[in-house]
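There is one chain below, alone, in structure tokens, taken in the form predicted alone.
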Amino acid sequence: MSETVSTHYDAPDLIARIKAALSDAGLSPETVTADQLAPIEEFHVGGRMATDALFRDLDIRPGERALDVGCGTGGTSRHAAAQFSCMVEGIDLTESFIRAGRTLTDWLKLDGKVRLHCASALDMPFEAAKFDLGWMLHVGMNIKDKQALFAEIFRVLKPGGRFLVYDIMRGEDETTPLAFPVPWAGRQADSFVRSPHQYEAVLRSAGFATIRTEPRRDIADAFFAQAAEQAGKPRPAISLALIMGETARDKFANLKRNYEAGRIVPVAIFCEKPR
């Protein structure tokens, strides 16, 4: 399964694509800012807007050690480090994402605060009780064994550690098959979307105290409304198409179709490792 996930996202020429997009936008690695890279750095519904809204409730403090599970190219890791003066370590299965992410971290001069690792979320290269807090943003849909996932996250968090899950989960219609491809999978066999109740049960079984669960239709509605405003306009040089490739439009269309049909909804779960 890990090879399937990595292959789905693999983009070996990603830095070359990004450099070409920067050139088209009149930018360069020396001049680009984190905000200008944000459209390709926040690979989840709502993008940077969602990250900022959700992080307000994580109470991230200067000097804390944070874990970014499924970090992709590390955009959320870098944003958190820059905004909150915390230290962030990110992991992701896709080697090309990690290679690109390390380059982007160097461009933005954040290599002293952000470290990215190519590793599995089911077997992380960290000692127990290392992190004060962590998050995973649109990751669980790719992982079938959520029990092992949350047990491993529980292991590396300190007692009292806060954790945020922000995933695509099943909506009111939990039985109708999803339309594919979608951003996280090209076919049903590679998609492991579950209901909020199932997430809560597995989190509790792993030892977490679930604080609250929030379906975030507000974020999704704003995200799709913004996309509708851009429909028909030339696509910006720096966009998620750099990550998703030629099937980007089909994946986005099916994401929207599944959401509007009530089959999926982005959900945030805030939980904590008991002291």
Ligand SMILES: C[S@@+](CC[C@H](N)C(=O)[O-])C[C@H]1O[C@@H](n2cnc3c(N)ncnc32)[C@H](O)[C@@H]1O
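For every residue, the number given is its place in the sequence shown, counted from 1. Everything numeric in this text was worked out from a predicted model, so none of it was measured.
This next part talks about the form predicted in complex with the ligand, which is not shown.
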Practice task
Sort through 42-50, 211-219, 58-66, 231-239 and report the only stretch with a non-hydrogen atom within 4.5 Å of the ligand in the model of the complex.
Solution key: 42-50
Exercise for the section: Taking 4.5 Å between heavy atoms as the contact cutoff, choose which of L133, A80, I91, M169 touches the ligand in the model of the complex. Expected result: I91
Problem - the ligand: the contacting residue among L104, A121, L203, V114 in the model of the complex [heavy atom, 4.5 Å] - result: A121
Practice task
Determine whether any heavy atom of K158 comes within 4.5 Å of a heavy atom of the ligand in the model of the complex, and answer yes or no.
Solution key: no
Exercise for the section: Tell me, yes or no, whether L137 is in contact with the ligand in the model of the complex, where a contact means a heavy atom of each within 4.5 Å. Expected result: yes
Handout entry: V165 within 4.5 Å of the ligand in the model of the complex, heavy atoms
Key = no
Exercise for the section: Please check if F150 has a heavy atom lying within 4.5 Å of any heavy atom of the ligand in the model of the complex. Expected result: no
